[in-house]
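Just one chain follows, in the form predicted on its own, and it is written as structure tokens.
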Amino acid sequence: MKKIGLFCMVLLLAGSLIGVLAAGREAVADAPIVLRLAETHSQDYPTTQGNYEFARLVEERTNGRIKIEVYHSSQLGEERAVLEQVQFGAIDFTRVSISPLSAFVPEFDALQMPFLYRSGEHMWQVLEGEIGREFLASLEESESGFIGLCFYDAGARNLYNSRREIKTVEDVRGLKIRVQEAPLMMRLIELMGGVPTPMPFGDVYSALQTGVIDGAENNWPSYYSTSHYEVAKYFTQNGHTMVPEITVASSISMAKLSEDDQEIIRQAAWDSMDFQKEKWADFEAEAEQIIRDAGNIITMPTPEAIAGFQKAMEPLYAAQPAYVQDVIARIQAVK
């Protein structure tokens, strides 16, 4: 009898253990897939708000099966380091300028040529149309480790500095200007007569403050949100480039998901663009007003002065390889 009782107890324990293991497997199966998105800007910045909308749409459309956690303010590192981690699947998504991606797909230089777009509306006709979709696909086809998901608005980039007012291209001569770590952007400043100085975005404020650089180039919201306007009071609205932002996914991370989930993520990112553009327009107007109220010196070059900036860029256009010139021609033909 004792042996029978012991045997029954063993069976009960075994059954309980199997039940616990089964419950554990079920709990693991029900746990959401958590993915990480790296963002260099602050939590309230328009691109970060676009990230949050993307994450919200993914969670909503997967009924909570997939969650995207947004790490703003460079919590996961600066842009260059983050891109490397996305390539190898250590980070799942990031939002960056398109500039560094030209190292993987040289045609990306065409999208950031100076004075290329007739207006913001023209740029979005390009990005939301056939050309834009081709560029997103080209990242994946390049086997770079990135999958292009969508574009975000970053307005027009302008010059600002701590030394003097810039009214014409000649006024740029000799100024040390921070640029992104991209050959095209460095050449752009060289042709203006400035000294291009590549450095991480997070180092720019202290470099302006200490005189390591004289200025930088960016849009109204970045000039305001980084407090660069406090240490570089001269802002010139020359609008030399409109360089869109891009959200990319890690090819490694996406390959771990089903095709259906991959498609949900692609569509959610694309659908977040209108939301981001609205946030951008609102924040751009707010940033400009705050900076003007602060007493900064805002210069709007004359049409003749803008023509001078454009003429200075002619060698840059002439130096582009045929495949970039072909894309430029297609962009200029978009009505």
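Keep in mind the model is a prediction, meaning the values are calculated, not measured. All residue numbers refer to positions in the sequence shown, first residue = 1.
The form predicted together with a small molecule is left out here; the points below concern that form.
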With the small molecule left out here, work out from 291-299, 34-42, 53-61, 305-313 which stretch has heavy atoms within 4.5 Å of it in the model of the complex. 34-42
Note which of Thr168, Ser97, Ser144, Ser253 lies within 4.5 Å of the small molecule in the model of the complex, where distance is taken over heavy atoms; exactly one does. Ser97
Even though the small molecule is not shown here, does Glu107 get within 4.5 Å of it in the model of the complex, heavy atoms only? no
Report yes if any heavy atom of Phe201 sits within 4.5 Å of a heavy atom of the small molecule in the model of the complex; otherwise report no. yes
Given that the partner is absent here, does Asn161 sit within 4.5 Å of the small molecule in the model of the complex, heavy atoms only? no
Does at least one non-hydrogen atom of Thr236 fall within 4.5 angstroms of the small molecule in the model of the complex? no
Full three-residue contact with the small molecule in the model of the complex, heavy atom 4.5 Å, for Arg157, Arg178 and Glu245: yes
